[in-house]
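Next up is one chain by itself, shown in structure tokens, the form predicted on its own.
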């Protein structure tokens, strides 16, 4: 099989002139009937949750599903048929989905190491994309994905759906109002109390119906191991970035948004496998990261196996101001005033819980569908998703190197640090390679 996009296009008859038309002249591929034809690549977890949210919107039709696990694929096809009355076409190779000219939107719900190539290829084929978070596994991938979306003028929504749940925006507006006074520190955290240890498991034969080589794709060749497959892939560096990128992109995004500051001067991280030192995870189960912006810092904190109950919340963002602290999570936001400190302000009132709509994902999908018709930027556009994926990656790089790193956002490189720069790169396994744009 030829695995470069160029060869695949030639093999399947999509001509060079057709590609030029799609990339240069087409502003939107939504059909005249206002029907939106979608396809899902990666059907196991959040990808199917996303598709289900799409199918709740009027005019959305699911034409195709793609997954390397035929067991999951057939199950999901049956579920879509039950939901819609029509069974979608099924594929093992995502490139066959992308080459279909009738598809308007591709949902990328794959493991993190498979986000970049389907997203870039879909943009090249004139399709808009809803891509799960984190946008890319590496900084190099994120930069390429931004370039593809911009070059081919595609609407891309990244699956950080908190950007569409109004209470998060309302919380940031309160921070920006100045009512908290000067904010010297913001904290973001995810304490995953429900998760326990992952026991070490031996390598085993590939399960029937799974194209494991395709699942690995650009990642290094490894024997099949159940711990590296499906949900638990996220605890291995070759496929993902652990909690730092899994939850961090959601919460650090709003910490940065609230502070009106986006590029740290330096990053330090400390942690390890403190909870379950002998289990199968590679990524740290306990970690703290400090992003220094010069006159304030943002702290990321995660752990597995306990909830911690910071401000009564297992996850959240806290903006710690002179006059009070605003805390926000997926349930809502509230403000605790300073009362006895030297910076307490007379008359500062608490703000009781301002609840979430509980419809963040639904609103996020609706926003994306609206934008593919108007060609406006969606709530979590490609630049936003790429930036926070980079910020989370910086935390992981500092952790893996065991020292402070200094980032140059303009150059998209570390300052005089070749060792750290190596961890920016994707390093794909042949014959897969990053497209040249």
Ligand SMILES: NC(=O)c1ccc[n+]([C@@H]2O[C@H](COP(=O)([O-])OP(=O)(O)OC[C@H]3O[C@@H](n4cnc5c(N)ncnc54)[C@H](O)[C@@H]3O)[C@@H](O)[C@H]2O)c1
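As the structure is a prediction and not an experimental result, all values here were calculated from the model. Numbering follows the first chain given and starts at 1.
The next section is about a form of this same protein that is not shown, the form predicted together with the ligand.
Engineer: Honest question, do 161, 231 and 246 all end up within 4.5 Å of the ligand in the model of the complex by heavy atom distance?
Structural biologist: All of them do, each having a heavy atom within 4.5 Å of the partner.
Engineer: Note which of 132, 285, 140, 104 lies within 4.5 Å of the ligand in the model of the complex, where distance is taken over heavy atoms; exactly one does.
Structural biologist: Selected option: 132.
Engineer: Of the residues 51, 388, 380, 66, which one places a heavy atom within 4.5 Å of the ligand in the model of the complex?
Structural biologist: Flagged contact: 66.
Engineer: Within 4.5 Å, heavy atoms only, one stretch in 390-398, 39-47, 407-415, 369-377 touches the ligand in the model of the complex. Which?
Structural biologist: Comparing against the ligand in the model of the complex, the contact stretch is 39-47.
Engineer: Hey, in the model of the complex, does residue 144 get a heavy atom within 4.5 angstroms of the ligand?
Structural biologist: Residue-level check for residue 144: no, no contact with the ligand.
Engineer: Verify the contact flag for residue 109: yes if a non-hydrogen atom of it lies within 4.5 Å of a non-hydrogen atom of the ligand in the model of the complex, no if not.
Structural biologist: Contact with the ligand, yes.
Engineer: Can you tell me if residue 214 lies within 4.5 angstroms of the ligand in the model of the complex, counting non-hydrogen atoms only?
Structural biologist: Answer yes; at least one heavy atom of residue 214 falls within 4.5 Å of the ligand in the model of the complex.
Engineer: Do residue 331 and the ligand come within 4.5 Å of each other in the model of the complex, heavy atoms counted?
Structural biologist: Outside the cut-off, so no.
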